[in-house]
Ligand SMILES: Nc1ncnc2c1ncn2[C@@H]1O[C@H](COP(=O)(O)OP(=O)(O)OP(=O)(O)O)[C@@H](O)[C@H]1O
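For reference, the chain that follows is the form predicted alone, supplied as structure tokens.
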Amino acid sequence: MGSVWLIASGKGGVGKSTLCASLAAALSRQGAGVCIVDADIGLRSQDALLGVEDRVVYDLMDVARKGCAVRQALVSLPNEDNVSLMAASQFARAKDLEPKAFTRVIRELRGEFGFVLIDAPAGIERNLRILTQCEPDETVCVLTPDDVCLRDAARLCEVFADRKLPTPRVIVNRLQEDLIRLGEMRGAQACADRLGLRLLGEVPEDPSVYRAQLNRIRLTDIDCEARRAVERIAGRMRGREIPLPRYGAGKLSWWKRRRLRSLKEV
């Protein structure tokens, strides 16, 4: 039986879906069979991120309503034999998804894949609460190191606790080492400590991520620091002990401190 990971975020725009797609590819290249379930009903994105928009015939709602078999709704990725996608419906609404039907779909996928990654919608509204009934093995909270995101992440964790889900592990995205060293941005461990949660991984700000999206290239096909960060997280998800890089832990050189001037009010 595979493990089910519910990947969520308290607010949108933190890079959760991009991270989920990259983790699937990284897990696949480490030998695991992976299925991504895009559960953002009405606002699907994984098919575009993975470059398979024109191959989606059936979606999650079709399977939930027994309009097709699970296998019919799975889209395999080119050059990624171990990764499959179950796309979200682009025109349905979250309230149309029955919790029991969704749980049935996830249980069937659990029996076929080593990892089932559920890309949950951002926020804590009804569409997320429906997904919490599928009994995930692990939950992940993706956030960026700012006060608004930390506050929303704390609220998300309260929802998970109310639903008696596994305590979330934290992935801090878009870290900027220079700002951390200047004391203007929290480091990943500081974010996790503020929430009282375990740190699963940290990903630095890297222009290669957006360039890969623009050019329809998978992050795992590019030699960059963000890719290496994602690969470390995938290794930890598989139970390996991999040290955290602690981005921004070192000191800035004197010339960089001089160049990076503090913000001044005008």
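The first residue of the shown sequence is 1; numbering continues from there. Keep in mind the model is a prediction, meaning the values are calculated, not measured.
In what follows, reference is made to the form predicted in complex with the named molecule, a form of this protein that is not presented.
Remark: Ile124 does not count among the residues lining the named molecule in the predicted bound form, judged by a heavy atom distance of 4.5 Å or less. For Arg110, no non-hydrogen atom is located within 4.5 Å of the named molecule in the predicted bound form, even though that partner is not displayed. For Asn173, a non-hydrogen atom is located within 4.5 Å of the named molecule in the predicted bound form, even though that partner is not displayed.
A residue is said to contact a partner when one of its heavy atoms sits within 4.5 Å of a partner heavy atom; Asp40 meets this definition for the named molecule in the predicted bound form. Val209 is the sole member of Ala64, Val209, Leu50, Met237 with a non-hydrogen atom within 4.5 Å of the named molecule in the predicted bound form. Contact check for Gly15, Thr18 and Val203: all three have a heavy atom within 4.5 Å of the named molecule in the predicted bound form. The stretch from 97 to 105, 84 to 92, 173 to 181, 192 to 200 that comes within 4.5 Å of the named molecule in the predicted bound form, counting heavy atoms only, is 173 to 181.
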